[in-house]
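Taking the form predicted alone, here's one chain by itself in C-alpha cells.
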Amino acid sequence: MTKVITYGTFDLFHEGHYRLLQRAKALGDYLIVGVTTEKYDMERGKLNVVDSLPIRIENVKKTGFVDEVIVEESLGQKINDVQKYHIDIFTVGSDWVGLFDYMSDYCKVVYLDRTKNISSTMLREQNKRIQKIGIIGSGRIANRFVPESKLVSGVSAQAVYNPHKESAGRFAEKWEIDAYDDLNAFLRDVDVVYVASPHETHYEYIKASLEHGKHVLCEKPMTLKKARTEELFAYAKAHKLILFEGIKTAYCPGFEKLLGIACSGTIGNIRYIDACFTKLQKTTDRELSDREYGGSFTELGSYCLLPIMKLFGNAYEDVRFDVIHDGNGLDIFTRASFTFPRGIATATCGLGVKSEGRLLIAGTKGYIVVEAPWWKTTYFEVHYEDASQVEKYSERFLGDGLRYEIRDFLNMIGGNNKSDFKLTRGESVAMAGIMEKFLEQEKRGLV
C-alpha cells in the first residue's frame, strides 16, 4: 500500500484545497492530512486564520479523500510523521517548490500544480469570501507582494494589469495568475486592487478602481498632491470603500510596540526625532532615472515621515529641505527639517549617499534608538542619563512585512476598524502635502 501525506491550514476551505486533496489521494492508496494549529500558523508567519481547528479538520474530512487526519503543531514534525507513519510520498502545492526537497531523504517528494484562480463558490455557501485581489504593476514590490499575500488567510492574488502586455505576461506566468492590458476588464474581474505602479500613476489608478467599486491598497506615496489624496479619501468614504496606504512599517508589531513605549512617558516629553533611511540604488533603476518623479525623497521619504507624524502630529510649523543632487538633477540625498510646537525633527533619505540609517527619539528623561533597518523594527533600546540603565525590547518581523498591511487591509474590509489608527487619513494627507512641497521646490530650483 502506497501511503501519502500532505499538510496545510485549509482555512476558508475552497476549490483549490479540494483539488489539492483530490490529486494527493490519486498519488497512492492511503492519504494522511496534517492540519496546522493556530499557534503553529502564527509561528510560521501565517496571519488572519478565520476558521477554528475543528472546523478546518471537518472540512478536510468532508471531501471524502482523506483516510486519516493528524494535527501539525511544530516545526520539524513533518520528518517525524513521515517516519512514524511509514510514508512513501510527501506532497504539497507548487507554491512551495524546492522548500521541501530535504524531505527526499525520507520519502518521495511531489509538488502538485496549484489551482489557478480559485472559485469562491464553496465559500459563498458558508457566507464567507476570499477576496480576489488584482495587482496593478509588475515591478519589484509587486513580486514581493504575491508570496506575502499567500501567508494571509482570506485573500488570493489572481490577476495583474500592466499597459505593457509583455511585462504583465511575464509576471502572470511566474505567479500563475491572469494577465490583463485592458484596465476595465481587469477591474471587472477582481474584488480588491493593489496599486504597485510608478508614483505618478497612483492617482488615476486609485480613482478608476474606486469608481468600479473596488477597495484599494496602494503603495506609498499614495499621491504626490495633498488635494488629490483628500479627494480620493472623500470618494472612498462617500461610497463606503476602503482606501489604504501601504507604508508597511506602520502595520508591523515592532513599530507599534515602539510607538507605545515612546508615548508612555518612559523617556519623558519627546522633543526631537531623527529618522534616516538610505540605500544605494543603481543609477539605471527607475528611482534614479525618472527625472520628474524619481529621487530619494519620493522613494523613501514616506518611511522617515511616518514616526515623525505619529509622534508629533500633522501640524508642523515649518519644513526646510536640504538636498544633494546627482548629475541628472535628481536628489540622491535629502534632509527635511521640521519645526513643531513641541519639538523638532529631521527626515533624511538617500539613494546615492549611504548613511547610518537609524531612528532616534529623544525625550526629557531619556531616548530610544533603533538601528537600521528600523523600518523593519525588530529590536530597540531605551537609554537614560545613567548609561548603565538600558531597557531592551524585541519583536518578530516576518518576511518582507507586507503580510501585516494585507491583514489589516482585509480586516478593515470586513468591518474591523481597530487598525485604522496605525496610519490615519490625516497622516496620509499630510505626507502627500509634504511630498508636494518638496517637488514644487525642486521644480523651481529652490532646493
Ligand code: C2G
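In case it trips you up, residue 1 is the first one in the sequence shown, and so on. Just so we're clear, the structure is a prediction, and the values are computed from it rather than from any experiment.
One more form of this protein, predicted together with the named molecule, exists but is not displayed; see below.
Quick check for you: of 379-387, 393-401, 408-416, 35-43, which stretch puts a non-hydrogen atom within 4.5 Å of the named molecule in the model of the complex? Correct option: 35-43.
4.5 Å heavy atom contact, L20 and the named molecule in the model of the complex: Judged by the heavy-atom cut-off of 4.5 Å, L20 is in contact with the named molecule in the model of the complex.
Is there a heavy atom of K248 lying 4.5 Å or less from a heavy atom of the named molecule in the model of the complex? No, K248 stays farther than 4.5 Å from the named molecule in the model of the complex.
Residue-level question: is D274 within 4.5 Å of the named molecule in the model of the complex, judged on heavy atoms? Looking in the model of the complex, residue contacts with the named molecule do not include D274, since no heavy atom lies within 4.5 Å.
Can you tell me if V92 lies within 4.5 angstroms of the named molecule in the model of the complex, counting non-hydrogen atoms only? Yes, V92 is a contact residue.
Could you tell me which one of D113, D285, E200, E292 places a heavy atom within 4.5 Å of the named molecule in the model of the complex? When the named molecule is considered in the model of the complex, the option within 4.5 Å is D113.
To verify the annotation, which of these, Y85, Y235, W96, Y106, has a non-hydrogen atom within 4.5 Å of the named molecule in the model of the complex? Of the listed residues, the single hit is W96.
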